[in-house]
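Given as structure tokens, the chain that follows is alone and in the form predicted on its own.
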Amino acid sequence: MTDLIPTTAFGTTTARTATHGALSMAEDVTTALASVALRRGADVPVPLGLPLPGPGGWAGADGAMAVCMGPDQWLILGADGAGGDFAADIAAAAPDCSVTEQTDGWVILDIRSKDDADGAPMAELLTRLVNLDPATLAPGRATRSQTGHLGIIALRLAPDRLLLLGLRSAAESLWQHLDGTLRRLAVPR
């Protein structure tokens, strides 16, 4: 019988990490993802006690987060849910919605700043990564954008923390772009 070994988006058995100056980046391999689409005429659910946000926002409760992806569509993230059937849990909590498992389709990169009392390292990183008004990615905001010609979903969790979700099939390209950007920012000018 074949022994199946789960691997990360980068083909390894452990999460990839990097630190350059004040900024660090780590692959999140424990968070599960499910997409939720409201069916016509249905009431907006509150899966897992999570209020579903409007455009440009994200909401969090009890280790779960929801990001608005479009009219009546959300992406739900569940901390430590990658080992179970997260989509089934969401489907049970949102019976009037179409729910699709998304965990293996994305790579999640968690970027943090060690010493971000004034927000400068993260603000400078954001100016290099996405061509958006900084208020668009203020703490508590989320958006779809591009970085390095790759589509991403960006969630600004706090002044010193940013989650970037990219397609798993482009994980290596996204990592190389982000790692190079963090490395350049760490070089004193």
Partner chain sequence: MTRITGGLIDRSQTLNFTFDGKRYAGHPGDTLASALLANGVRLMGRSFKYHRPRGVVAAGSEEPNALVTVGSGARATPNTRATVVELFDGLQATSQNRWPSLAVDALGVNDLLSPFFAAGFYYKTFMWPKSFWEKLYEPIIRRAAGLGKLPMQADPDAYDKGYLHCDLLVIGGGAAGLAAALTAARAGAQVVLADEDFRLGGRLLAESHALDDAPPTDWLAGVTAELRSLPNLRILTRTTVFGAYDHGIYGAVEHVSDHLAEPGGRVRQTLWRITAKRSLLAAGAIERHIPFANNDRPGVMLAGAMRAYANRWAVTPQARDGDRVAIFANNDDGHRTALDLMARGVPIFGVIDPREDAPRLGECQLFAGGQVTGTQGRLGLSSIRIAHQGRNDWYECAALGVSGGWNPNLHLAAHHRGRPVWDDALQAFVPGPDGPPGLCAIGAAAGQGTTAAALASGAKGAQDALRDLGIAASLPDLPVAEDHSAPPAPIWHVPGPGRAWVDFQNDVTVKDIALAHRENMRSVEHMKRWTTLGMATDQGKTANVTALAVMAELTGQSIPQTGTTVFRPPYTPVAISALSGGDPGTHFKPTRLTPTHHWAAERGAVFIESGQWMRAQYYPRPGETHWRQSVDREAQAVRAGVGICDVTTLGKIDVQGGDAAAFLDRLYANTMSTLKVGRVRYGLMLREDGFVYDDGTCARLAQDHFVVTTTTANAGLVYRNMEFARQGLWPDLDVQIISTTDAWAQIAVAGPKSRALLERVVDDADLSNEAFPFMACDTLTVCGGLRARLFRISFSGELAYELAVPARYGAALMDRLMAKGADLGVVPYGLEALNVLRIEKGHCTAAEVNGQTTAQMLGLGRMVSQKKDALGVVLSRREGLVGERRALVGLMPADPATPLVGGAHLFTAGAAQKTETDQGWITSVCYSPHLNSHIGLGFLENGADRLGEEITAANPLAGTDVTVRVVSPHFLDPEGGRLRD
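Fair warning: this is a prediction, and the values are worked out from it, not measured in the lab. Residue numbers count along the first chain shown, from 1.
Not on display, but discussed next: the form predicted in complex with its partner chain.
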property: Contact test in the predicted complex: R128 vs its partner chain, heavy atoms, 4.5 Å; result: yes
property: 4.5 Å heavy atom contact, R161 and its partner chain in the predicted complex; result: no
property: Close approach of H20 to its partner chain in the predicted complex, 4.5 Å, heavy atom; result: no
property: Contact flag, S35 vs its partner chain in the predicted complex, heavy atom cut 4.5 Å; result: yes
property: Selected contact from V29, L157, A59, C68, since only one has a non-hydrogen atom within 4.5 angstroms of its partner chain in the predicted complex; result: V29
property: Sequence-ordered list of residues in 1-19 near its partner chain in the predicted complex, where near means a heavy atom within 4.5 Å; result: M1, T2, D3, L4, I5, P6, T7, F10, G11
